[in-house]
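One chain is shown next in structure tokens, namely the form predicted on its own.
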């Protein structure tokens, strides 16, 4: 079966105009079989996170926060002309399990509660897209991804159980695609073997699309974004950025590892394993093919700049001034793993070990507390991590202007720097 997988992010379905545009894109491919993976609308995931925090901390306003989210989705449905008794009941049924949960006292751990509540965002957005597609006459089915993608119960970072997932793809999804031209489902979420909602990590909808592409032997995967394709830098931070027309899987994996946000890091490997082309395309210019990611491309890449803000640099040394040896590093890495602190850069000397991580204050505080009996720990906050891939000296020098470089390393074609803004000193008039 010739199948294409499309993934639409939250920005593409943030309002009724966006949803209508997605349906038009699907209509333009009505001669093909399309499996569509959709994210939560706009900032819905962030709003649902506030519901989680309110409920878990018993602030008393979780129901009001949830009602605001419901109202936003009802507004989108009304703007699309699909608000009727059937669609309203569908929306209400999707929220009902959260309604029941937040009425009870907190009995479960935070990560479990998070996955049960936050997963509703994708369920609702996909149902809105489905009802609009039906109204426009598409031969379309709605699919609950929780019946397909099976995971372990590592809440918020669930790991896919591939054998079970493949079996369900074969028995359920392929049969749907024999009947329907378009199948609409959700990204980011799955289901544990115990039948509880799980999530695949923030921005995990790209990964979901990669899972479907791999298991269904898709002809291609297109990720529709609000950018022309993969760019040499973030256009919100830099002028004169350019689009890269073609990338190899290897280069794309390197870029995502170093922090580029265009594609989820887990997405590319399943595609590479089956040589499935990946397109990053602009939803506001559907005729454009954007950037193509495929097997090794014989090309010379321009310098690519990735900025990760809100970084912390943690310096660790032993209290007894002994060398930082293998047993110390083993303990430190075990704690980093335990608190899910992703190491972006690291360096060890004879008497110290330093790591740059995302500045998650709560996790870092627990990490430091756990090690403080044996180690002296100093932390620098408010840092940026700058990565220049395929660097040249002129680009690196420009990135250092107005910065203090606390930590720098060069790896093959890549320069990485942990930097801090130079404080502005104003001379006092005498």
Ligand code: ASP
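Treat the numbers as computed from the prediction; the structure is a model and nothing was measured. Numbering follows the first chain given and starts at 1.
In what follows, reference is made to the form predicted together with aspartic acid, a form of this protein that is not presented.
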- Is residue 203 close enough to touch aspartic acid in the predicted bound form, meaning at least one heavy atom pair within 4.5 Å? yes
- Message: When the contact criterion is heavy atoms within 4.5 Å, does residue 54 count as touching aspartic acid in the predicted bound form?
- Response: no
- Query: Does aspartic acid come within 4.5 Å of any heavy atom of residue 122 in the predicted bound form?
  - Reply: yes
- Message: I'd like to know if residue 36 sits close to aspartic acid in the predicted bound form, meaning any non-hydrogen atom pair within 4.5 angstroms.
- Response: no
- Of 382-390, 24-32, 358-366, 40-48, which is the one stretch near aspartic acid in the predicted bound form, taking non-hydrogen atoms within 4.5 angstroms as near? 40-48
